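A single chain, nothing else alongside it, follows as C-alpha cells in the form predicted on its own.
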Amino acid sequence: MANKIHDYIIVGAGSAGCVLANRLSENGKYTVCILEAGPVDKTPFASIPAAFGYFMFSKKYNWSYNAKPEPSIRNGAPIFVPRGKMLGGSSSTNAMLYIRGQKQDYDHWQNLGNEGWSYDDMLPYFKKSETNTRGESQYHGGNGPLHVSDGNINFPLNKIFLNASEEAGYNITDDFNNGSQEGAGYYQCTIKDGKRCSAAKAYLIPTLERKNVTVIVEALTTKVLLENKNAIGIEYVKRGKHYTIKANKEVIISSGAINSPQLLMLSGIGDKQHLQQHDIHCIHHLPGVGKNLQEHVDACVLVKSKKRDGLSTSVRGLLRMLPETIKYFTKKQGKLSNTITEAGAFLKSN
C-alpha cells in the first residue's frame, strides 16, 4: 500500500462532499483529497436534464440498492433504492428538483438539542449557495455557485393537474422554498442554460485548478483507520490495488445516508452485537450507527394516456422527439432542457 498524507480526506464526492472540498480548499492553506467510488460525470446523460431517467437503469452510475423485502408491501418484492455513483453523487442523477425541506423539520432538529440547525439558522446558507434566476430575495440568493431556475412548461398535463388541485381546494404556490411548502405548483430546478447544475459542476469542478485539491475516482473506501478512537486516515481499493491515505486534520465521511454508516460499521464503529455477527471487531460501541433511516418512498400510479404529447422510448416516440433533440443540441432548448417532472404538490391529510 502506498502512503500519502493530506490535511483533509473526504470520502464521497456527492452533494455534501463537493461543497466541503470547495470550501476547505479555497484559502489555499490546506490540502484536500476527495474520493469517489464512481467514475467522472462525463456521460452526456448527466448534462441533459430530461435524460435523468437513464440513471435508474444504470449499474455504472447508480448503486441500485434494494430495500429489505417486507412481506406486507408489494407482495414481498423489494423496493428499489437508487443512489448516485459518480462525481456529484445523487445530484448528478436525480430529477434536479430544488426542494430544501419543510421549515418545521429543521426547527424540530434544533428542539432536540442540535443548536444551529433551525430553519432561520440554515436559511443564510441556503441563500449563500444559490443563484436563483428570479433574483435575490428574502428566501433566495443571487450570487451562489448552485444555479436554480424556472423551467419551460412543456407538458399540458401539468396545467391540468394544477387546475384540478385548485378545484379540490388546495393552495397553489409559486415557490416551494418560501418557508411554507404546502400546496401545488411548478418546481424550480438546478438547471443552468439547459444543462444540469450538479454539486460537482457547481462546487467541485471549479476546484480542479487548485494545486491543493486531489480528486480520486473509481476508488472504493473500505475502512477508516483509527488510532485511540481518532480517525487518522482511510484505506481504499482502486482497480484491484489497495492504498492508504493519512489525514493531518480530519477524515470526513460524506458517502450518503446508506454508504456512510456502512463504512463506519466496516471500520468497527457501531452496535457491538451487530458487528460481532459479521465478525467485525468493535472499536467504538455506537448503537445508533446504521439505524433510524427515514427515506421517502415512491408509490407510483401508472395510467395510459390517449394523447401522444409526452416522452416515449418507443420507435415512434423517439421519431417524434427528433425535432426536440435537434433543438436541444443546437440551442439547449426544448423538452430535453428541463426535467420531465415539472409540477407537484406537498399536501397533508386530516
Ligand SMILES: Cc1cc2nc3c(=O)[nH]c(=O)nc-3n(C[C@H](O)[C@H](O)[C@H](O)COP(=O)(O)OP(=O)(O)OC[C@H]3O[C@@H](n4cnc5c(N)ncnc54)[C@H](O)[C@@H]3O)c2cc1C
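Treat the numbers as computed from the prediction; the structure is a model and nothing was measured. Throughout, we count residues from 1 along the sequence that is shown.
Not pictured, yet referred to below: the form predicted together with the named molecule.
- At the 4.5 Å threshold, heavy atoms of residue 256 reach the named molecule in the model of the complex.
- For residue 82, a non-hydrogen atom is located within 4.5 Å of the named molecule in the model of the complex, even though that partner is not displayed.
- Within this chain, residue 16 lines the site of the named molecule in the model of the complex, having a heavy atom no more than 4.5 Å away.
- A residue is said to contact a partner when one of its heavy atoms sits within 4.5 Å of a partner heavy atom; residue 33 fails this definition for the named molecule in the model of the complex, lying far away.
- Checking 208, 164, 97, 77 for any heavy atom within 4.5 Å of the named molecule in the model of the complex turns up a single hit: 97.
- Between the options 220, 231, 265, 252, the residue in contact with the named molecule in the model of the complex by a heavy atom within 4.5 angstroms is 220.
- Looking at 82-90, 121-129, 239-247, 106-114, the stretch with residues near the named molecule in the model of the complex, meaning non-hydrogen atoms within 4.5 angstroms, turns out to be 82-90.
- Three-residue candidate spot 11, 37 and 56; every residue lies within 4.5 angstroms of the named molecule in the model of the complex by at least one non-hydrogen atom.
- Looking at 290-319, no residue comes within 4.5 Å of the named molecule in the model of the complex, counting any heavy atom.
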